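Taking the form predicted alone, here's one chain by itself in structure tokens.
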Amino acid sequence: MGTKGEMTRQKIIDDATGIFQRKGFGTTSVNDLLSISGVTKGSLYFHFPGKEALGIAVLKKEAETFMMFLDDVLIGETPAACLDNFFNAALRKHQGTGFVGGCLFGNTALEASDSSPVYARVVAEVFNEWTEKLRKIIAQAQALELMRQDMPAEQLAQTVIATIEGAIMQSRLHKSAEPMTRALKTLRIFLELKIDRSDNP
């Protein structure tokens, strides 16, 4: 167990994550952060020199969590099954939130790309690492002829991410699983995934 100071710092990060995800970094005020975390302004500034520093800590913590999520769900008896399991897990993840909040990294990319280079750099690293994880799986699937082979693995990985991010946005807007479900079905067709359905009831 960490010290009291470490636990307070982590609580601030955890409490700030949800409000940053819902409201964005720009429109979330210091008073919002104080209200949601229940700490004093002195305590907040003791742990973080400003809102941007807290925002970076949130993004980095969520990046670690997201990469662990990817490692946990990119599993299966074949590389194609790994991708299919990832698609199913992504849908479940957002269904679990009622399609509230969306993807923190997608949200921040839209919000910060033109206004906050610091946030943009952190998010770009997340997307680069996500792309690389998918690229490796896709290349393995292509080598085994379990999906289309006429496009580079990296290009397909980028297309998967772009499609999923757009689908998350649509499902968040409509508060419905249908846009994500439809987009993931289209991705499976586009990628020409060959999956043993006996492993995916």
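The structure presented is a predicted model; accordingly, all values stated were derived computationally and were not measured. In case it trips you up, residue 1 is the first one in the sequence shown, and so on.
The same protein has a further form, the form predicted in complex with a further copy of the same chain, not shown here; the description that follows concerns it.
Out of the listed residues Ala183, Leu193, Ala177, Ile19, Ala183 is the one that sits within 4.5 Å of a further copy of the same chain in the predicted complex by at least one heavy atom. Checked against a further copy of the same chain in the predicted complex, the candidates Gln170, Ser37, Ser43, Gln142 yield a single residue with a heavy atom inside 4.5 Å, and that residue is Gln170. Stretch 158-166 is the contacting one of 158-166, 29-37, 52-60, 65-73, since its residues have non-hydrogen atoms within 4.5 Å of a further copy of the same chain in the predicted complex. Proximity of Gly101 to a further copy of the same chain in the predicted complex falls within the 4.5 Å heavy atom cutoff. Within this chain, Glu132 is remote from the site of a further copy of the same chain in the predicted complex, having no heavy atom within 4.5 Å. At a distance threshold of 4.5 angstroms between non-hydrogen atoms, Leu91 is out of contact with a further copy of the same chain in the predicted complex. In the predicted complex, a further copy of the same chain lies farther than 4.5 Å from every heavy atom of Pro79.
In the predicted complex, just one residue of 128-147 lies within 4.5 Å of a further copy of the same chain by at least one heavy atom: Asn128.
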